[in-house]
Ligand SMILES: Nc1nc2c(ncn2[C@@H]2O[C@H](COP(=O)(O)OP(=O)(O)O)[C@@H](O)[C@H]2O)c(=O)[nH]1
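We begin with a single chain expressed as structure tokens, specifically the form predicted on its own.
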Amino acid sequence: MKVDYTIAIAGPPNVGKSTLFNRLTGGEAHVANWPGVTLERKEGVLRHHDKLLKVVDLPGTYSLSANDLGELIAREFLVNERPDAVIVVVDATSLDRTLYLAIMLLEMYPKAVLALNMADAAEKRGIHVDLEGLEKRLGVPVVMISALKGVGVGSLLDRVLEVAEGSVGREEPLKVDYDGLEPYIAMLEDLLGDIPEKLGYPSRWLAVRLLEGDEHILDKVNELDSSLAHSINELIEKAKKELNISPDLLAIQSRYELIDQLVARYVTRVKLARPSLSEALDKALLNPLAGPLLATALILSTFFIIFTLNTGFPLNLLFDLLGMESIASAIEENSLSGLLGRLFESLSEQVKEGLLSSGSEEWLALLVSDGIIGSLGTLISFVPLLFFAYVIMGAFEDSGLFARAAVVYDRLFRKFGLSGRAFFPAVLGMGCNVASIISTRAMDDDRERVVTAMASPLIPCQARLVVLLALAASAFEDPLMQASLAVGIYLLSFIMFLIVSDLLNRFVFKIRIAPDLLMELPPYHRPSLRVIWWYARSNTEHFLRKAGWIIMALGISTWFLLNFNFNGYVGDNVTASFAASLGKALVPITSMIGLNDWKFALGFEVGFIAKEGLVVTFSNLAGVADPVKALRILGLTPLKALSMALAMNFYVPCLATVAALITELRRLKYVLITVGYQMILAFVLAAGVYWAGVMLGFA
């Protein structure tokens, strides 16, 4: 049987290595003996992302020192068979005791993934690990799993494939600081010459092992060059005398010092809530009737805070309704979005003036100031929203509240082929669809992860809410009607999220049964600021690292379409640009939803960069600063406003969301399906409502 990749599983005894092997292979394994010995060799196969993986269960060992047969077999397998990736299993509840093998293995073999097993037990003990921080320090993916319950195994296999494909992970072995041994390591590396290459070991690792007195390695060197072996022994004796300590003890001490540093920096313990308090909270949050209401209230309060911090809404609206316009304006102007907007506007203007004064062409100055800096501003504008969304979500998740909410919503979600785990991305989507899509990485079932990511863009994000409010205000004078339009769109969006998830399960993945909700209810505890920081930082960095370059590229490309045609730079005459030509070409389509002016099509094009760009574009085209007045000048009637609200809400959210889909779904087919169904859904809903209104005499 031809396999795509060979994966080895290594780990010390009693960390769940065999349990993970059985979980991956379904308990069906080929059992034989390792060549020349009586130790069993177990192999199995599995398929993940259409890749066939052979999994080899290495003997359980505490190190790779070759002090016993198991250690020697594990080490020689890595050297001679060169697996595409190694899963190193450690105990998440006892990293200080079980990380030693992982450190030794990474010194020798960089293509590894660290699996922190017994995640459920760690959670019950209030143990939290900064996975992103540990991953950065060690240079390999780190995944929290429970092999016994299957939690995190899907994410683990995703990271294994990335390592096997070479897209993530270390290129060189880990370098441990061996303090006083370093000069002797350097001398030994010089002495060894090309011996490491002949033996298949990394040069530094070989030198360290020789200093530790590895007789198996020394015998191999002696077979190749007996005089060199004599020189090595002399150097080892010299090190013992000069350091006044055995080199092997110093090496072991150095590794444990590194482990102590890792545990101190990346592991924290929190105090758990009293059992009586936990019981009282569970009685309310897990109640079939009260639970969903409390969870919904929790969500609304969360996003009230996030929205207010980022844009000032809805707090500014409340003050506006109370007649305190100056306070409302101050809140909006001093929100994070307002401050960042003014910062990048100022930077863009300064750069443009500087380039123009130095004699640069106008188009070049605008490319740098508006195209590049403007796209960077678009990218950075997501950061506060994402970060604070993750801060608040991290606090709720760390406290144990969100796990209860997932359990409460599981019954509803299962009717549409999802588990309660889809609750987290759906909630995050209200703040930002990018955050929603990225959060699906934590889902274990691969099919559910993809379906949830594909359906998440249907949830109205904060940017779409801004446009929705402008459309509602332009269409209706009555605040009740305005609120009804906004609330109605939101309810429809969540209904469509569930329906589309069900349809994707049925017709794309041919599966209807929802995966089991593999989730331990963690104990309640006060959220740790350290854990919240880890959670928010790692997720925000992931977005910038994965989607940043795509956003920049798409932003600059869109700027080009708005400022050029076949004859070159169009200046202020946007009506002559490629984008305007495309807008005019789309009029036959947009007119079918009641929008027969090419300016609306142009607004949708600009809205692809960022949804709030829709209202800015209409203000520019109408020549008035107030977007509500601009929409009325452009002839937006209540029926057309409703049609446009539906089209705006359901068509492709923004380029940042598309970038997130590309990086997370891993297959262009799924991205195209997502974009395609959204465009069709937006058109069908908008056209249906518009022509129904026309037939009823509301045009």
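On a predicted model such as this, the values are computed, not experimentally measured, just so you know. The first residue of the shown sequence is 1; numbering continues from there.
The same protein also has a form predicted together with this ligand, omitted here; what follows describes it.
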request  = Note which of I217, V450, A147, A403 lies within 4.5 Å of this ligand in the predicted complex, where distance is taken over heavy atoms; exactly one does.
outcome  = A147
ask   = Pick from A473, L281, A121, L235: which has a non-hydrogen atom within 4.5 Å of this ligand in the predicted complex?
value = A121
message = For the three residues P12, T19 and H525, which mark the spot I'm curious about, does each lie within 4.5 Å of this ligand in the predicted complex through at least one heavy atom?
response = yes
inquiry  = The chain here is shown without this ligand. Which stretch in 436-444, 111-119, 165-173, 567-575 comes within 4.5 angstroms of it in the predicted complex, by heavy atom distance?
reply    = 111-119
inquiry  = Just checking whether V531 would be counted as a contact of this ligand in the predicted complex - the rule being heavy atoms within 4.5 angstroms.
reply    = yes
query = Heavy atom to heavy atom, is D130 within 4.5 Å of this ligand in the predicted complex?
reply = no
key: Sequence-ordered residues of 393-416 touching this ligand in the predicted complex, heavy atom within 4.5 Å   = D398
